[in-house]
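In structure tokens, one chain follows: the form predicted alone.
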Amino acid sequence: MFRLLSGGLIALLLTACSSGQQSENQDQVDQWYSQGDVVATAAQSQLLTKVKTALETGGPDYTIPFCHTNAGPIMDSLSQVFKCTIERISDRNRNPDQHPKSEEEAALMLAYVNRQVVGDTVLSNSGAPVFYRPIVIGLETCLKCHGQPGTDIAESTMGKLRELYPQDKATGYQMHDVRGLWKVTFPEDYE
């Protein structure tokens, strides 16, 4: 369904327009994909760099409180730089604020988890373009905080997770699982 929304619906809407509007609309959609790529790549790079440094400084038990305190401000700072809203969402969220915000977003998340949708997606929500990119477990290091408790995640790390995220659902992942989505919301008048 969402593959249709991300590609087919846009194509259908563009077909209904005149040839000139069609090209202009496609240019706009291409710009959202391009800028979404830039923003999501920068956000992931910035966050992974900070997490890697935290892991090297004190291991997973140090990194959990570091992320708890710093991940939000890192995203807020990048949101200001790029003049958009950068979020991470997941059906199995660690931070209670990072759940899908609508039924449609929950369905999109599930479609990514089930590999019915791969790659990037752009949806327009009341004129505001929203770019989504899957967050995939790609490093063994990720499993130290998101893997199997007792196997990948040390008991001391689980203690930190229970302390800082009492409703944590972000464990039990394996390599190459979709853990969540980058969500980049551009303002309606984004240029």
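The structure presented is a predicted model; accordingly, all values stated were derived computationally and were not measured. Numbers follow the displayed sequence, beginning with 1.
This next part talks about the form predicted together with a small molecule, which is not shown.
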Next item on the list: May I ask whether 60, 92 and 146 all come within 4.5 angstroms of the small molecule in the predicted bound form, judged by heavy atoms?
Entry: yes
Next item on the list: Identify which of 38, 48, 128, 154 has a heavy atom within 4.5 Å of the small molecule in the predicted bound form; exactly one of them does.
Entry: 48
Check: From the list 110, 81, 118, 71, which entry has a heavy atom within 4.5 Å of the small molecule in the predicted bound form?
Finding: 71
Note to self: With a cut-off of 4.5 Å between heavy atoms, is residue 122 one of the residues that contacts the small molecule in the predicted bound form?
What the structure shows: no
Next item on the list: Consider residue 55 of the chain shown here, and say whether it contacts the small molecule in the predicted bound form, taking contact as heavy atoms within 4.5 Å.
Entry: yes
Margin query: Using a 4.5 angstroms cut-off on non-hydrogen atoms, would residue 135 count as touching the small molecule in the predicted bound form?
Written below: yes
Notebook entry, point to check: Should residue 165 be classed as touching the small molecule in the predicted bound form when contacts are defined as heavy atoms within 4.5 Å?
Noted result: yes
